[in-house]
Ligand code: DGL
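Only one chain comes next, encoded as structure tokens, the form predicted alone.
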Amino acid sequence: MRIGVFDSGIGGLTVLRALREAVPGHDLLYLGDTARIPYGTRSPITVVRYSLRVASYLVDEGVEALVVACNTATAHALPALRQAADTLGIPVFGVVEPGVNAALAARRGGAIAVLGTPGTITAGSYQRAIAARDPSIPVFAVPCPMFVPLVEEGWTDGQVPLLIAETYLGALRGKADVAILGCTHYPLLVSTLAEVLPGTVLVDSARATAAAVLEALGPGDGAGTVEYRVTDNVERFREVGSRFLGYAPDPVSWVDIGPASPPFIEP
């Protein structure tokens, strides 16, 4: 089965890496919309429009399932993507619901923290999903905008990320059973986050999403392939992508994406 995986840029490679482990027999086509990065600071309507264009492109390339490996795109565009893809019989997986399910399973009766980009936190998808399951659960939603540039520059350990994490999250220490890493960059900061939030279970939405895809589609047969495409700056994608994967992504090709075509109608 050919699975399309997309993100606004590079962070979705954590989801791709988890998918390679969980569903090794499926072919993966990753698309990073690097010409329009970041989605996290865009308006909701713009995120929906960009997401529909990417999904339309991937479907035209023959994918049979879609994984939205971007928290902001999941938060704003998942309903529109599912509505369009459902007419084609294509399943669409987001990263919010699997992350929430994993957090609820790990919770010991206390609060849940949601860490994300400003766009993800403002969208409130994690908060609503938790409240829909149990409105009595206390939720701390914390925007952490500096985490993404830290990860992309390779500053994942040491005093600089530790001080920034302490600034964002120090007040949560001892108050949350679970913290959802609501951005695909954040798993690379897990050792730093664990130091700031000792005793808090850190939920990796990427791994939770891969588990949901495995449950729905199975592991596949044989050895699946991986292909990478970006809408800008191939060399930077290779360089920074190696920090997410542990090896340089290859092959990577540049593509241009036009307006969405039916059934992916832009608002």
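Heads up: residue numbers just count along the shown sequence, starting at 1. No experiment lies behind these values; they were computed from the predicted model shown.
The next section is about a form of this same protein that is not shown, the form predicted in complex with the ligand.
Note on the partner interface in the predicted bound form: the residue among 39, 228, 237, 57 having a heavy atom within 4.5 angstroms of the ligand is 39. In the predicted bound form, the ligand sits within 4.5 Å of a heavy atom belonging to residue 148. At the 4.5 Å threshold, heavy atoms of residue 114 stay clear of the ligand in the predicted bound form, well away from it.
Remark: residue 76 does not count among the residues lining the ligand in the predicted bound form, judged by a heavy atom distance of 4.5 Å or less. Proximity of residue 103 to the ligand in the predicted bound form falls outside the 4.5 Å heavy atom cutoff. The stretch among 67 to 75, 164 to 172, 127 to 135, 105 to 113 whose residues place heavy atoms within 4.5 Å of the ligand in the predicted bound form is 67 to 75.
Residues from 174 to 204 that approach the ligand in the predicted bound form with a non-hydrogen atom closer than or equal to 4.5 Å are 183, 184, 185, in the order they occur in the chain.
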